[in-house]
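In the block that follows, a single chain appears as C-alpha coordinates, in the form predicted on its own.
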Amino acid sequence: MAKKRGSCDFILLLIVLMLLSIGLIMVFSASSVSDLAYQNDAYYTFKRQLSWSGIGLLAMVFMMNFDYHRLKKFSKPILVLSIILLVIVLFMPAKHNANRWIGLGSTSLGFQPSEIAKFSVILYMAASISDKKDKIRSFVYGVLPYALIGGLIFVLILIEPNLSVAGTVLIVVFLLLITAGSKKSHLTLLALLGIAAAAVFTLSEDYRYKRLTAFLDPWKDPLGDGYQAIQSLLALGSGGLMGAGLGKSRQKFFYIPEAQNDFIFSIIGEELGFFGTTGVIFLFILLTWRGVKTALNAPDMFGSLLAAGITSLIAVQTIINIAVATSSMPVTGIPLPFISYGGSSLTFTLAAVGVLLNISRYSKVDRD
(Lines give C-alpha, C1' and ligand atoms only; values in the text may rest on other atoms or scores of the structure.)
Protein backbone atom coordinates (compact mmCIF):
# COMPACT_ATOMS: atom_id res chain seq x y z
CA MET A 1 0.00 0.00 0.00
CA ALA A 2 1.29 3.45 -0.90
CA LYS A 3 2.50 5.66 1.88
CA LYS A 4 0.05 8.36 2.94
CA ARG A 5 1.02 11.58 1.26
CA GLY A 6 2.01 14.71 3.11
CA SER A 7 3.10 18.16 2.03
CA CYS A 8 5.25 18.67 -1.06
CA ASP A 9 8.90 19.74 -1.08
CA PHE A 10 8.40 23.45 -0.41
CA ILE A 11 12.04 24.28 -1.15
CA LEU A 12 11.76 22.67 -4.60
CA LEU A 13 8.52 24.52 -5.27
CA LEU A 14 10.07 27.83 -4.20
CA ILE A 15 13.10 27.30 -6.46
CA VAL A 16 10.87 26.62 -9.47
CA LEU A 17 8.77 29.72 -8.79
CA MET A 18 11.92 31.82 -8.46
CA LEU A 19 13.30 30.53 -11.78
CA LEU A 20 9.95 31.10 -13.45
CA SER A 21 9.83 34.69 -12.15
CA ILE A 22 13.39 35.33 -13.37
CA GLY A 23 12.38 33.87 -16.71
CA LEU A 24 9.40 36.18 -17.15
CA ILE A 25 11.49 39.24 -16.33
CA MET A 26 14.33 38.24 -18.64
CA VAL A 27 12.05 37.19 -21.51
CA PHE A 28 10.50 40.64 -21.45
CA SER A 29 13.89 42.33 -21.28
CA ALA A 30 15.36 40.20 -24.07
CA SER A 31 12.39 40.40 -26.44
CA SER A 32 10.99 43.90 -25.95
CA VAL A 33 13.24 45.62 -28.51
CA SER A 34 12.57 43.17 -31.35
CA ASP A 35 8.88 42.98 -30.47
CA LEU A 36 8.56 46.75 -30.64
CA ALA A 37 10.27 46.76 -34.03
CA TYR A 38 8.49 43.80 -35.62
CA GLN A 39 5.19 43.52 -33.71
CA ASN A 40 4.70 47.17 -32.70
CA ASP A 41 4.14 45.86 -29.17
CA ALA A 42 7.01 45.61 -26.70
CA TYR A 43 4.96 43.17 -24.61
CA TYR A 44 4.11 40.76 -27.46
CA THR A 45 6.39 37.88 -26.42
CA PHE A 46 6.04 38.61 -22.70
CA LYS A 47 2.24 38.32 -22.80
CA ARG A 48 2.47 34.95 -24.50
CA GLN A 49 5.07 33.70 -22.05
CA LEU A 50 2.90 34.93 -19.18
CA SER A 51 -0.09 33.05 -20.61
CA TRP A 52 1.92 29.84 -20.99
CA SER A 53 3.26 30.29 -17.46
CA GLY A 54 -0.31 30.36 -16.16
CA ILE A 55 -1.20 27.21 -18.10
CA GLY A 56 2.01 25.54 -16.94
CA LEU A 57 1.35 26.39 -13.30
CA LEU A 58 -2.15 24.94 -13.55
CA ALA A 59 -0.65 21.78 -15.03
CA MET A 60 1.94 21.69 -12.23
CA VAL A 61 -0.71 22.06 -9.50
CA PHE A 62 -2.84 19.35 -11.11
CA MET A 63 0.06 16.88 -11.39
CA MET A 64 1.19 17.76 -7.87
CA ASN A 65 -2.17 16.48 -6.61
CA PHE A 66 -2.57 13.57 -9.04
CA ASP A 67 -1.22 10.42 -7.38
CA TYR A 68 1.88 9.56 -9.40
CA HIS A 69 1.23 5.83 -8.87
CA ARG A 70 -1.74 6.15 -11.23
CA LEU A 71 0.57 7.35 -14.00
CA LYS A 72 2.08 3.88 -14.28
CA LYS A 73 -0.88 2.44 -16.18
CA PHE A 74 -0.67 5.30 -18.71
CA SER A 75 3.01 4.79 -19.48
CA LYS A 76 2.54 2.68 -22.63
CA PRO A 77 -0.38 4.69 -24.10
CA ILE A 78 1.50 7.98 -23.60
CA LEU A 79 4.63 6.53 -25.24
CA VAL A 80 2.60 5.28 -28.24
CA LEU A 81 0.83 8.64 -28.48
CA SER A 82 4.14 10.50 -28.48
CA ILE A 83 5.50 8.30 -31.26
CA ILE A 84 2.35 8.87 -33.35
CA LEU A 85 2.64 12.64 -32.83
CA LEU A 86 6.32 12.56 -33.81
CA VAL A 87 5.31 10.90 -37.07
CA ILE A 88 2.43 13.33 -37.67
CA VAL A 89 4.63 16.38 -37.15
CA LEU A 90 6.86 15.30 -40.03
CA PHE A 91 3.94 15.97 -42.38
CA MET A 92 3.13 19.40 -40.95
CA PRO A 93 4.15 22.59 -42.81
CA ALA A 94 7.82 23.36 -42.18
CA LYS A 95 8.84 26.45 -40.22
CA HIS A 96 12.43 27.68 -40.42
CA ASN A 97 13.26 24.54 -42.43
CA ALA A 98 12.08 22.23 -39.64
CA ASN A 99 8.96 20.19 -38.86
CA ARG A 100 8.74 20.53 -35.11
CA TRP A 101 5.30 22.02 -34.46
CA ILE A 102 1.76 20.70 -34.61
CA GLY A 103 -0.64 23.61 -34.84
CA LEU A 104 -0.35 27.14 -36.14
CA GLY A 105 3.41 27.50 -36.34
CA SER A 106 5.02 28.49 -33.05
CA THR A 107 2.04 30.49 -31.85
CA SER A 108 0.22 29.88 -28.60
CA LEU A 109 -1.94 27.30 -30.45
CA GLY A 110 0.97 25.06 -31.39
CA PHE A 111 3.02 22.52 -29.49
CA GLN A 112 6.10 20.40 -30.01
CA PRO A 113 5.55 16.62 -29.82
CA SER A 114 9.19 16.23 -28.80
CA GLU A 115 8.30 17.76 -25.44
CA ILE A 116 5.75 15.01 -24.83
CA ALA A 117 8.19 12.40 -26.10
CA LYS A 118 10.87 13.36 -23.58
CA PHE A 119 8.53 12.78 -20.65
CA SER A 120 6.92 9.68 -22.18
CA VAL A 121 10.29 7.91 -22.41
CA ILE A 122 11.02 8.67 -18.74
CA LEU A 123 7.56 7.52 -17.63
CA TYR A 124 7.73 4.31 -19.66
CA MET A 125 11.22 3.40 -18.48
CA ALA A 126 10.33 4.07 -14.84
CA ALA A 127 7.23 1.89 -15.07
CA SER A 128 8.87 -0.91 -17.04
CA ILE A 129 12.12 -1.11 -15.07
CA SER A 130 10.25 -1.09 -11.75
CA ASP A 131 8.35 -4.18 -12.94
CA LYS A 132 11.45 -5.97 -14.30
CA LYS A 133 13.62 -5.20 -11.28
CA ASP A 134 16.68 -7.54 -11.48
CA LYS A 135 16.24 -8.12 -15.23
CA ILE A 136 17.89 -4.73 -15.74
CA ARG A 137 21.19 -6.60 -15.35
CA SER A 138 20.43 -8.50 -18.56
CA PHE A 139 21.41 -6.85 -21.84
CA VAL A 140 18.65 -8.49 -23.89
CA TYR A 141 15.80 -7.92 -21.43
CA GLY A 142 17.08 -5.03 -19.35
CA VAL A 143 18.99 -2.72 -21.68
CA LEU A 144 18.24 -3.46 -25.32
CA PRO A 145 14.48 -2.68 -25.18
CA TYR A 146 15.12 0.81 -23.78
CA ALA A 147 17.99 1.41 -26.17
CA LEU A 148 15.67 0.56 -29.07
CA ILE A 149 12.86 2.77 -27.79
CA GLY A 150 15.25 5.63 -27.11
CA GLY A 151 16.77 5.09 -30.55
CA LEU A 152 13.34 5.22 -32.23
CA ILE A 153 12.47 8.50 -30.48
CA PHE A 154 15.95 9.78 -31.35
CA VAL A 155 15.52 9.06 -35.06
CA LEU A 156 12.03 10.58 -35.26
CA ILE A 157 13.17 13.81 -33.56
CA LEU A 158 16.36 13.86 -35.62
CA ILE A 159 14.34 13.79 -38.85
CA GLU A 160 12.55 17.04 -37.84
CA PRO A 161 15.56 17.90 -37.65
CA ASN A 162 16.45 18.54 -34.01
CA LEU A 163 19.69 16.82 -33.06
CA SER A 164 20.02 18.60 -29.71
CA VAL A 165 16.65 17.42 -28.36
CA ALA A 166 17.16 13.97 -29.88
CA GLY A 167 20.53 13.73 -28.17
CA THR A 168 18.99 14.87 -24.87
CA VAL A 169 16.58 11.93 -25.00
CA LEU A 170 19.45 9.46 -25.39
CA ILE A 171 21.40 11.04 -22.55
CA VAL A 172 18.41 10.78 -20.20
CA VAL A 173 17.84 7.14 -21.24
CA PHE A 174 21.49 6.43 -20.45
CA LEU A 175 21.29 8.16 -17.05
CA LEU A 176 18.15 6.22 -16.15
CA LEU A 177 19.89 2.95 -16.99
CA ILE A 178 22.74 3.99 -14.69
CA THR A 179 20.25 4.82 -11.93
CA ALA A 180 18.46 1.49 -12.40
CA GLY A 181 21.70 -0.45 -11.92
CA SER A 182 22.62 -1.68 -15.41
CA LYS A 183 25.96 -3.45 -15.79
CA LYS A 184 28.99 -1.26 -16.45
CA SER A 185 29.93 -3.33 -19.50
CA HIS A 186 26.50 -2.74 -21.05
CA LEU A 187 26.65 0.97 -20.28
CA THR A 188 30.14 1.23 -21.74
CA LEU A 189 28.94 -0.38 -24.96
CA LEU A 190 26.00 2.03 -25.18
CA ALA A 191 28.28 4.99 -24.50
CA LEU A 192 30.68 3.98 -27.27
CA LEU A 193 27.80 3.46 -29.70
CA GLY A 194 26.37 6.84 -28.70
CA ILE A 195 29.67 8.63 -29.27
CA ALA A 196 30.05 6.95 -32.65
CA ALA A 197 26.49 7.88 -33.63
CA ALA A 198 27.03 11.49 -32.53
CA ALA A 199 30.13 11.70 -34.69
CA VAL A 200 28.33 10.24 -37.71
CA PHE A 201 25.29 12.50 -37.40
CA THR A 202 27.44 15.58 -36.81
CA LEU A 203 29.59 14.94 -39.86
CA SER A 204 26.71 13.80 -42.08
CA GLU A 205 25.18 17.29 -42.39
CA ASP A 206 27.18 20.24 -43.62
CA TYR A 207 25.56 22.75 -41.26
CA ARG A 208 26.35 20.55 -38.24
CA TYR A 209 29.95 20.17 -39.31
CA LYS A 210 30.24 23.94 -39.72
CA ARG A 211 28.87 24.43 -36.21
CA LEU A 212 31.55 22.10 -34.88
CA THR A 213 34.38 23.93 -36.68
CA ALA A 214 32.90 27.27 -35.63
CA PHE A 215 32.92 26.11 -32.01
CA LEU A 216 36.61 25.26 -32.25
CA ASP A 217 37.43 28.70 -33.66
CA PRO A 218 34.43 31.07 -33.87
CA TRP A 219 36.62 34.04 -34.83
CA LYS A 220 37.60 32.28 -38.04
CA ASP A 221 34.17 33.17 -39.43
CA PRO A 222 32.91 36.03 -37.21
CA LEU A 223 30.06 37.06 -39.50
CA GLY A 224 29.02 33.52 -40.44
CA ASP A 225 29.00 30.31 -38.44
CA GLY A 226 30.92 31.84 -35.53
CA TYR A 227 28.61 34.85 -35.22
CA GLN A 228 26.25 33.54 -32.50
CA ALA A 229 29.04 32.24 -30.27
CA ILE A 230 30.99 35.50 -30.53
CA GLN A 231 27.96 37.69 -29.78
CA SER A 232 27.07 35.49 -26.82
CA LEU A 233 30.60 35.81 -25.40
CA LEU A 234 30.55 39.57 -25.94
CA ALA A 235 27.32 39.77 -23.96
CA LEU A 236 28.68 37.70 -21.09
CA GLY A 237 32.01 39.50 -21.06
CA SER A 238 30.55 42.99 -21.13
CA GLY A 239 28.37 42.21 -18.12
CA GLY A 240 31.34 42.02 -15.77
CA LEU A 241 30.66 41.30 -12.13
CA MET A 242 27.54 43.42 -11.60
CA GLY A 243 26.11 43.66 -15.13
CA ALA A 244 24.99 46.65 -17.17
CA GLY A 245 21.68 46.74 -15.33
CA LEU A 246 18.29 45.14 -15.88
CA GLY A 247 16.94 46.06 -19.30
CA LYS A 248 20.20 47.64 -20.45
CA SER A 249 21.53 44.89 -22.70
CA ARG A 250 23.05 46.05 -25.97
CA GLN A 251 23.31 42.63 -27.58
CA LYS A 252 19.53 42.26 -27.66
CA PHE A 253 19.46 45.09 -30.22
CA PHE A 254 19.45 42.55 -33.07
CA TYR A 255 22.95 41.21 -32.41
CA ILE A 256 22.08 37.90 -30.72
CA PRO A 257 19.53 35.79 -32.62
CA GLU A 258 16.85 34.23 -30.37
CA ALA A 259 17.92 36.38 -27.44
CA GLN A 260 14.75 35.45 -25.54
CA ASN A 261 15.22 31.75 -26.18
CA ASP A 262 18.45 29.84 -26.83
CA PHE A 263 20.74 32.68 -25.68
CA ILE A 264 18.76 34.16 -22.82
CA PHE A 265 21.56 33.15 -20.42
CA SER A 266 23.85 35.54 -22.32
CA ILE A 267 21.39 38.40 -21.77
CA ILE A 268 21.25 37.51 -18.07
CA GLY A 269 25.04 37.72 -17.97
CA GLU A 270 25.11 41.06 -19.74
CA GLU A 271 22.41 42.68 -17.62
CA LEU A 272 22.98 41.02 -14.23
CA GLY A 273 26.65 40.16 -14.53
CA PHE A 274 28.64 37.32 -13.03
CA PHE A 275 26.63 37.44 -9.81
CA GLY A 276 23.36 37.16 -11.72
CA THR A 277 24.44 34.15 -13.78
CA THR A 278 25.98 32.53 -10.71
CA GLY A 279 22.68 33.00 -8.87
CA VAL A 280 20.77 31.31 -11.69
CA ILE A 281 23.23 28.40 -11.81
CA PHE A 282 23.01 28.06 -8.03
CA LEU A 283 19.20 27.79 -8.24
CA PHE A 284 19.50 25.01 -10.81
CA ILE A 285 22.02 23.21 -8.60
CA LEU A 286 19.59 23.46 -5.68
CA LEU A 287 16.77 22.19 -7.90
CA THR A 288 18.89 19.21 -8.96
CA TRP A 289 19.78 18.48 -5.34
CA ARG A 290 16.12 18.52 -4.28
CA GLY A 291 15.22 16.33 -7.25
CA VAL A 292 17.89 13.79 -6.35
CA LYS A 293 16.73 13.91 -2.72
CA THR A 294 13.19 13.20 -3.86
CA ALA A 295 14.38 10.26 -5.94
CA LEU A 296 16.37 8.80 -3.04
CA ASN A 297 13.47 9.16 -0.60
CA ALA A 298 10.72 7.93 -2.91
CA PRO A 299 8.72 5.06 -1.38
CA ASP A 300 9.05 2.77 -4.41
CA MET A 301 11.30 2.09 -7.40
CA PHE A 302 8.80 3.58 -9.85
CA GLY A 303 8.74 6.90 -8.02
CA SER A 304 12.50 6.87 -7.58
CA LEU A 305 13.19 6.33 -11.29
CA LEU A 306 10.51 8.80 -12.34
CA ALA A 307 11.98 11.51 -10.08
CA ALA A 308 15.50 10.72 -11.28
CA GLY A 309 14.43 10.94 -14.91
CA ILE A 310 12.65 14.27 -14.53
CA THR A 311 15.56 15.73 -12.60
CA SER A 312 18.04 14.44 -15.17
CA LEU A 313 16.05 15.95 -18.03
CA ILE A 314 16.01 19.40 -16.44
CA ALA A 315 19.69 19.19 -15.47
CA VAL A 316 20.85 18.01 -18.91
CA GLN A 317 18.93 20.76 -20.72
CA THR A 318 20.32 23.36 -18.32
CA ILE A 319 23.90 22.19 -18.81
CA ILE A 320 23.58 22.17 -22.61
CA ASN A 321 22.00 25.63 -22.79
CA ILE A 322 24.61 27.22 -20.54
CA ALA A 323 27.42 25.37 -22.32
CA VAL A 324 26.22 26.79 -25.66
CA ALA A 325 25.92 30.31 -24.26
CA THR A 326 29.45 30.15 -22.85
CA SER A 327 30.81 28.59 -26.07
CA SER A 328 31.75 25.43 -24.21
CA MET A 329 30.09 23.32 -26.90
CA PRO A 330 28.84 23.85 -30.47
CA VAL A 331 25.77 26.04 -30.93
CA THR A 332 22.53 24.08 -30.68
CA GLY A 333 18.94 24.89 -29.82
CA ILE A 334 17.99 23.84 -26.29
CA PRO A 335 15.90 26.19 -24.12
CA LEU A 336 16.93 27.03 -20.56
CA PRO A 337 14.23 25.39 -18.39
CA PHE A 338 11.71 27.80 -16.82
CA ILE A 339 13.56 30.81 -18.24
CA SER A 340 13.70 30.65 -22.05
CA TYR A 341 10.68 31.66 -24.12
CA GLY A 342 8.62 28.76 -25.40
CA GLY A 343 5.12 27.57 -24.58
CA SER A 344 5.49 23.81 -25.11
CA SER A 345 8.76 23.53 -23.24
CA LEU A 346 7.58 25.64 -20.31
CA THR A 347 4.22 23.92 -19.94
CA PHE A 348 5.51 20.35 -20.09
CA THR A 349 8.48 21.14 -17.85
CA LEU A 350 6.19 22.63 -15.19
CA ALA A 351 3.86 19.63 -15.51
CA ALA A 352 6.87 17.31 -15.02
CA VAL A 353 7.89 19.30 -11.95
CA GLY A 354 4.34 18.79 -10.68
CA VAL A 355 4.96 15.03 -10.87
CA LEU A 356 8.26 15.51 -9.04
CA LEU A 357 6.51 17.49 -6.31
CA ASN A 358 3.85 14.80 -6.09
CA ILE A 359 6.50 12.14 -5.52
CA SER A 360 8.03 14.31 -2.80
CA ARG A 361 4.69 14.17 -0.96
CA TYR A 362 5.24 10.44 -0.40
CA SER A 363 8.80 10.84 0.92
CA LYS A 364 9.98 8.09 3.26
CA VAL A 365 11.64 10.63 5.56
CA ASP A 366 10.80 14.07 6.84
CA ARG A 367 12.12 16.84 4.59
CA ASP A 368 14.42 19.53 5.94
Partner chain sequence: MRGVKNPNINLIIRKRLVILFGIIFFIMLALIGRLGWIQIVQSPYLQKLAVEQWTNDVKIDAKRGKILDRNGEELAISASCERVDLYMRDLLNAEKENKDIKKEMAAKLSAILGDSSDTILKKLNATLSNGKPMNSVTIKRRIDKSQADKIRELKLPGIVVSEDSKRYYPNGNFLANVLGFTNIDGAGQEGIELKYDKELKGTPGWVVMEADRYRREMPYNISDYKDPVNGNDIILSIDESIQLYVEKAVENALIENKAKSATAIVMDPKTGEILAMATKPDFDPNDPKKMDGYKDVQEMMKSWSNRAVTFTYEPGSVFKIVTATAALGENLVSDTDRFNCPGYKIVGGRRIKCWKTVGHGSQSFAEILQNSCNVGFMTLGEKIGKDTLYKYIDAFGFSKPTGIDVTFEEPGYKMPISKVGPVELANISFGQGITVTPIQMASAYATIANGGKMMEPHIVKEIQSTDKDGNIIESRKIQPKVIRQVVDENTANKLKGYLEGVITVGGGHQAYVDGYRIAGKTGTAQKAEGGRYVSGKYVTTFVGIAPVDDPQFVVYVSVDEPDPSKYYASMVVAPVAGQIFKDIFISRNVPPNNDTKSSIDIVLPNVIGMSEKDAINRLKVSGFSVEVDGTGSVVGNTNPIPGLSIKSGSKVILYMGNGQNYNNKVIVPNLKGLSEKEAKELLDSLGLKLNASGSGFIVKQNPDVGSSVQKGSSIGVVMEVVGD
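Because the structure is a prediction, the values reported are computed rather than measured. Numbering follows the first chain given and starts at 1.
One more form of this protein, predicted together with the partner chain, exists but is not displayed; see below.
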Of 159 to 167, 78 to 86, 235 to 243, 143 to 151, the segment with heavy atoms within 4.5 Å of the partner chain in the model of the complex is residues 235 to 243
Would you check, heavy atoms only and a 4.5 Å threshold, whether residue 284 touches the partner chain in the model of the complex?
-> yes
Discussion item. Under a 4.5 Å heavy atom criterion, is residue 312 part of the interface with the partner chain in the model of the complex?
Written reply: yes
Residue-level contact is defined here as any heavy atom of the residue lying within 4.5 Å of the partner chain in the model of the complex; does residue 188 satisfy this criterion? no
Q: Could you confirm whether residue 254 comes within 4.5 Å of the partner chain in the model of the complex, counting heavy atoms only?
A: yes
Checking 334, 331, 308, 27 against the partner chain in the model of the complex, the residue with a non-hydrogen atom inside 4.5 angstroms turns out to be 308
In sequence order, the residues of 259 to 279 that place a heavy atom within 4.5 Å of the partner chain in the model of the complex are 265, 269, 270, 273, 274, 277, 278
